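Taking the form predicted alone, here's one chain by itself in structure tokens.
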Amino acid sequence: MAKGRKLAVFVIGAGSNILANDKGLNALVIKLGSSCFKEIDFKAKGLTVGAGCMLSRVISLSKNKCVSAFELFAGIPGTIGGALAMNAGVREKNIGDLVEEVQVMDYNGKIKGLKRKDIKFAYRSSSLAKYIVLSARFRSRSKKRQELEAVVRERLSWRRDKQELSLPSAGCVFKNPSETISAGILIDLCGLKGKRIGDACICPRHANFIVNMGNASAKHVLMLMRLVKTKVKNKFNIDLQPEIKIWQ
């Protein structure tokens, strides 16, 4: 139907890293919300998870079953499918490091399984972005529940201390330029914390977040992003690249 009408196709998980045009989209938006995309199957040497399952739910159930896989990712919002497409993660590990196989559908409707060696994972990106992710099988191992709970508590505590979680945002706006250079620190050094356009504001707590102070528009967020890119380029000669997905 989309091809017949020459419509772009977008796939949404939880929408936690998406900035959509204020005027809406002339496109087909598909959300994998059915229960069949939210199944979790625990097995002896791994687990299979549907793309529509929230990462937080997988972490909670894994902890209860004493299965170690995703605990380092506690506090990262979104679904398994979205996390795979952007290779979400933390400094120590990315979700791509755990993958054994991913079931995908291409945009011609063909379903196939991709082994880990067939997938390219990079910093906050992957070759899976050109597919619709349906489910994935991950490596896991047994671990004491108390140890898993301690890791989850530590990660959630760190996020509460470092990030502004009381206001809406799309998460980290820009990718870190390298493993040793933080986008947030560069933005902070440009004196941009607290800079506001309309109700969109560069977070005073973590400069790589643009938070909604009430009625922010995508237009105002994009204006702040352009300002940030210009300031960082002029001061450090670094081109920041967006981590959030911009739907126009």
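All figures in this text were calculated on a predicted structure; none of them were measured in a lab. Note that residue numbering begins at 1 and tracks the sequence as displayed.
Here the subject shifts to the form predicted in complex with a small molecule, a form of this protein not shown in this document.
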query	finding
Partner contact for residue 99 in the model of the complex: the small molecule, 4.5 angstroms, heavy atom	no
4.5 Å heavy atom contact, residue 163 to the small molecule in the model of the complex	yes
Proximity of residue 14 to the small molecule in the model of the complex, heavy atoms at 4.5 Å	yes
Contact of residue 18 with the small molecule in the model of the complex (heavy atom, 4.5 Å)	yes
Per-stretch contact check against the small molecule in the model of the complex, the hit in 143 to 151, 111 to 119, 77 to 85, 174 to 182 (non-hydrogen atom, 4.5 angstroms)	77 to 85
